[in-house]
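Following this are structure 1 and structure 2, which are two forms of one protein chain, each written alone as structure tokens.
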Structure 1
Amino acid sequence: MTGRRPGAAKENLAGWLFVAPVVVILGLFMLAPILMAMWVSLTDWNGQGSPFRAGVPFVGLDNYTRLFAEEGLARQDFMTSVRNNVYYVAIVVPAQTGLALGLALIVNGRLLRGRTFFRAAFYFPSVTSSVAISVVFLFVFANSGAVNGLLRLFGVEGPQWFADSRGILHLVLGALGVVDPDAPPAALTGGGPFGLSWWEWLSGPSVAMTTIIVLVVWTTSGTFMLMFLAALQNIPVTLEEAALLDGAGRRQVFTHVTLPLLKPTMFLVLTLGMIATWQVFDQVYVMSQGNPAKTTLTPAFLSYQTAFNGFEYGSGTAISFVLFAIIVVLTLVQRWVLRERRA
């Protein structure tokens, strides 16, 4: 391209100059800190002075291998946090996507009265500060709070939400009589990958974690509803009418016309949802600090705790880089699953 036309080089330079402020800002505030953090994750820096001084011990990949290969508390905590987060993502992402789509369909319905009101009402939780909502939920789910009060009306004695570390899956299996949660089968407790037994891996989210799950589903579905709504309103009515004329029922129109047209938005919502859920921090920091019994510990919070409370900044940053890798890999997998297929 260069040299084809006089002045192109000059324009190129001008272009670079125009984007330079952004490049400088992004470089300084994103790229440089990331590179610096990457360096920290390879050292045993103890948080005193600059990590770039001589004398900061370089430990190579030790901080990473400790998370995966070495038996110890570091690996156990990290794997516990990963387990918690896997269950969290597995429930929150489908739930919030489904709820958001449902809300969008309702609000998009031509027959609904007061659409603007509902649109605002559904979107409201998304614009409120997550810390404020977390504090409200602390009261709602307190032992003598609204939720347990409501359950009591139906004669159900609600659990002590934030103190209950029992896994939901354990409880369900126990209720079905498959296993006894107080005396799990030796085959499951005997061993398992990465220092946690199979029994621990299969705990499901704890009762305490479900409160955070409910909170997040409720707060984020509004935002995603808005995205689905925008996409729904972009679908030409003629397409749906044509399908109806061809003899399709309402359900068929939805599954064969509406849903396929929503696919790009679906990918966006799923990806954004997954990234946000893997990074959950505010709610854990405000509501539970990883308690009870480490069942609300997530990698993002563990990274913070390791670095700032334990002075193990290397380990803490290593955790955040592993988290980054998890998110990138899962996003790529999602992209591959939802790719355009030619029939």
Structure 2
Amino acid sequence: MTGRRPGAAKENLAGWLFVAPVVVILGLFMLAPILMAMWVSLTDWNGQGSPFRAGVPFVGLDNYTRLFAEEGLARQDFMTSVRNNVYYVAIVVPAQTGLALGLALIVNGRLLRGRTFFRAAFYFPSVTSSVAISVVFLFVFANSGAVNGLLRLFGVEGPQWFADSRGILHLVLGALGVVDPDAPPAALTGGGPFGLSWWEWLSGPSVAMTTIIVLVVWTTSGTFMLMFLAALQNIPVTLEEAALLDGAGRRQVFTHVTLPLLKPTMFLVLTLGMIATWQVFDQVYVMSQGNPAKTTLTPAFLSYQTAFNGFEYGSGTAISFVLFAIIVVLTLVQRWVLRERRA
């Protein structure tokens, strides 16, 4: 029979004493606010007084059911924001990941001169205030801005970027002559899930949302470029040289040697990108306020708008917890998809 090692109890006590300050801080400033917010999501608190006083109406799961099961403006706005965010995530995450990887491969090249300059130049937008860059983009994409001025040089009349609520997929289908955006098929307009028609679900991001997407991809790729660059520099050069000596081409080396070794970093970049894109707020707040026609509305901004503008703190908090659940579920799915598969 094995007994406890002498002094183990003292070591355990010492360990708990060392981590106690962190546990207390996390409990006070993270766990406690989360539990308090969860309680608020179950009430109809209007922001007046304390949400824990006796007079605050307790509504249970009504704030959540209004988002999914009850017809009305609350469900329509929430599903519109989810639709907008789904397109936003589906475009931003692959675009910023691919751009970041491409930039990392470029600045990691041994023959590139001025690598330090290019690394700093590519990373600079990531450390600049997102609010400041958003304001600059408002001027760049204005009706008389630089983008429309450049398009006029090629004989193209640019749209009113932040006032155009038309969906990109609708515009593409209309340009190809598949459907008329002003007269969509009746089968797609008759009904759809969660209060939105199929035509609305299949609209694609609006022109205004596309502008925000361009901004976000440009500003976030630099950070992820550094992550890929660090991973590339940790790959032993001998592995690539051995593959080249065995007759593999550059593309084969990248596909069968470099890319598999970048898988942990790829998972990190995709996870961080997905979390950040589902939480997009500041660009929407500065550039569009959810307009035009709610085509740039996102769940994070809707939560803020519902709570602080509509004084429905219970509903706003419920939206934030639903958003949290979406992020957790998608992260677990992504981890399962990118898991290591044993032969």
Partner chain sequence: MNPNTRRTSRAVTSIACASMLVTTACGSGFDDAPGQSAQQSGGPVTLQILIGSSGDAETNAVKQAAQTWAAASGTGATVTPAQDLTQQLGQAFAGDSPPDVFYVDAIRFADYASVGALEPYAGKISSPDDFYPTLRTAFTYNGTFYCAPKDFSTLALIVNQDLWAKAGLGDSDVPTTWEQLTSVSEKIKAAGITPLALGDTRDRVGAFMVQAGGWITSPDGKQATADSPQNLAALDYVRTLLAGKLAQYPSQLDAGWSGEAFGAGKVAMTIEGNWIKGALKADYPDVKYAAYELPAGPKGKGSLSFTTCWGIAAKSRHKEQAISFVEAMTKADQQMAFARAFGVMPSRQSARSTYTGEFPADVPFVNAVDYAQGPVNAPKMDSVLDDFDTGLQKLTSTAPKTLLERVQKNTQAALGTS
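Keep in mind that this is a model prediction, so the values were computed, not measured. The term rigid core refers to the maximal set of C-alpha atoms that superpose within 1.5 Å between the two forms. FYI, numbering is relative to structure 1, first residue = 1.
- Between structures 1 and 2, only structure 2 derives from the form predicted alone.
- A movement of the C-alpha atom of V329 falling short of 2 angstroms is seen between structures 1 and 2 when the two forms are aligned on their rigid core.
- After superposition on the rigid core, the Cα atom of L13 is displaced by 2.7 Å between structures 1 and 2.
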